[in-house]
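First, one chain by itself: the form predicted alone, in structure tokens.
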Amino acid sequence: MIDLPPYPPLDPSNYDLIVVGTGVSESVFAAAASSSGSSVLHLDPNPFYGSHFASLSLPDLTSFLHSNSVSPPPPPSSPPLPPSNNHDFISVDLVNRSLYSSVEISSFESEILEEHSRRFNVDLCGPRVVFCADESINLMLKSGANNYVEFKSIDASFVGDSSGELRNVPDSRAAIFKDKSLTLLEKNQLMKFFKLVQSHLASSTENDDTTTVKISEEDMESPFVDFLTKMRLPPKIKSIILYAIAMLDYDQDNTETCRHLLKTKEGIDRLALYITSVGRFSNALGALIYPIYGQGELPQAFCRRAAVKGCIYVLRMPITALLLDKETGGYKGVKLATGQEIFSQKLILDPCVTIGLESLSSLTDQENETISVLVPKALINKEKVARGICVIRGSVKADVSNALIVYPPKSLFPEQLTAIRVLQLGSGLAVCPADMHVLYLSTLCDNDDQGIKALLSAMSNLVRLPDPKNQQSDSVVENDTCEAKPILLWRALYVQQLVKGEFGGTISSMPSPDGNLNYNEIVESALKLYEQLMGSEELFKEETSVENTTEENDDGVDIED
């Protein structure tokens, strides 16, 4: 348990809303609720903002993963503050569940990394980027949170395979014609397909069925992979569209293992996000951008906006129990780790917070119903996401610093069931020292061994894994394609459980980070909860712009309407 500083009692002790955890969903909701005039207390048991979306130094990341890979014992029941004299409430103890397993952290250049360890800002749930047309960007603009964070472009996107070759993703007209790996026929086929998609999107926007070509309703309901085949796109082009532009996870050609067979209408929506992201901001190089200092800056931006609107923030403050009304069984408040009792109308919790099973037997049916969203349940969906982080000397692609790499299913080995995504970030984003890069890897999996195997395969394809018997100081070595391979300095492997949010009447739980590349579903969960708890009230209505607090950076992307 975190050693608590000597906090004075919080005043006031009554709020409209208590939010526990400063992840993206929780921070968006807290900012929206504060903007609407609600009184909000925002707590986090960690000493940093962001919860599972935080960006941390190497020592802090190591400590967090190890401490959260096993469920900690319940906190001691002797608070420093005297217990409440109010006998109208019962106290139900809370416990934390672990989201992480199979944590393995290795350092191969300890002296160098220790010297620079605090110069890293490493994401807990990477790889993750922001599409320029992402809903999170729209919310930042509407709320004014964009004034507290600055972005830079992802320079390029590639598709990889087992040979080690990285091929450019032809995601625009110029990129298609510059791509030397495509034949003239393939270029024409891809251009024809993109023109059809753009024509369909234009007709949907303009509601004009006479002057533009639209995709038929029958095709829109068919599997996207079948529609691409109908368009006579070769397998190579289909793979690029499915996994490097639409960003799908499962093998769409294998109906036995594919858990989500995408319909064409969903595929077109994903392409629309990509297409509308390209060129939205004049100084963005492509569709994807990333926050300087790490993705932990996004929840912090919304937290700062909430603080401007009166939200009260307290870090290093766990909650240890729920307070329920003795007569009605309804929710009344929480007990802090300091022993103080705080009351609110509604409560939103981090996905790690749950109820101890031993507490349930003594509760009434009404009390059990009140806390039902926090009761641990047997996992119906056992899907997990395996994540990896590498600190490397050099770059996986010459003259490219910030890049996204996608390995489609079966591209590395026959048993690879899901796509593997890799994001390389450099020192220009203030995430690592100069001459180094950080690689983030992720893939969906059914079990830990499957996920770790896939990540190690991608790592060995991209970087030189150190040989303890033959350590070399060279920054790069040659691979089979004569492309320089960077040297691995530090590595973390871990598997994260996927927990869905549950929305209750007075107590709700937010989801864990998902396995997606962007934030759309994460933000959507906050918007759904806001609509449920706050009704039809508009988010961030009548917000006024605030002075930009970020320093100017010539290479940064200006996020403006």
Partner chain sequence: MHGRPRNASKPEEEAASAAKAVQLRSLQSQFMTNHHDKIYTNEAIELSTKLLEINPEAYTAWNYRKLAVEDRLARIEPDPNLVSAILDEELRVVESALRQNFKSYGAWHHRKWVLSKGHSSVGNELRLLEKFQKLDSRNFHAWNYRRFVVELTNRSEQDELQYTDDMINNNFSNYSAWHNRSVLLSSLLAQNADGFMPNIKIPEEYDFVHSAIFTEPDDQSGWFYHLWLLDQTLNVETPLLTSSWPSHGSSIILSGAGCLSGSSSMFTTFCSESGSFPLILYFDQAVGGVSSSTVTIDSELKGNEGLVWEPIPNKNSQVSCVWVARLKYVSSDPCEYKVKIRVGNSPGIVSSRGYNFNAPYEFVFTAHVHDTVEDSQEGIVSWTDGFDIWDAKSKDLNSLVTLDRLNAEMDFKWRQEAIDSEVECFGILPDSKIGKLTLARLLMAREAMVSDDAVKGVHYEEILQLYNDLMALDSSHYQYYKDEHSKAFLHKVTSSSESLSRHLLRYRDMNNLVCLRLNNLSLSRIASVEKLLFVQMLDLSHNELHSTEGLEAMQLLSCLNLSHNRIRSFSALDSLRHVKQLKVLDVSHNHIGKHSVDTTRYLCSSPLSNSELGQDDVGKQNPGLVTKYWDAYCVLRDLNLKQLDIAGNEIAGEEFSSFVLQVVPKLVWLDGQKKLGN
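Positions refer to the first chain, counted from 1. Keep in mind the model is a prediction, meaning the values are calculated, not measured.
From this point on, the text means the form predicted in complex with the partner chain, which you will not see here.
Undergrad: Heavy atom within 4.5 Å of the partner chain in the predicted bound form: which of Lys195, Arg118, Arg316, Arg259?
TA: After the contact test, the surviving option is Lys195.
Undergrad: Only one of Lys326, Arg173, Lys214, Arg97 gets a heavy atom within 4.5 Å of the partner chain in the predicted bound form. Which one?
TA: Looking at the other structure, the residue within range turns out to be Arg173.
Undergrad: My question is simply whether Leu357 lines the interface with the partner chain in the predicted bound form - judged by any non-hydrogen atom within 4.5 Å.
TA: Because no heavy atom of Leu357 falls inside 4.5 Å of the partner chain in the predicted bound form, the answer is no.
Undergrad: At 4.5 Å between heavy atoms, is Lys346 in contact with the partner chain in the predicted bound form?
TA: Close contact is absent here: in the predicted bound form, Lys346 is far from the partner chain, nothing within 4.5 Å, heavy atoms only.
Undergrad: Does Leu185 reach the partner chain in the predicted bound form if we count a contact as any heavy atom within 4.5 Å?
TA: Looking in the predicted bound form, residue contacts with the partner chain include Leu185, since a heavy atom lies within 4.5 Å.
Undergrad: Does the 4.5 Å heavy atom contact test between Tyr293 and the partner chain in the predicted bound form come out positive?
TA: Taking the distances in the predicted bound form, the answer for Tyr293 is no, it never comes within 4.5 Å of the partner chain.
Undergrad: Tell me which stretch of 269-277, 485-493, 435-443, 176-184 has a heavy atom within 4.5 angstroms of the partner chain in the predicted bound form.
TA: Residues of 176-184 come within 4.5 Å of the partner.
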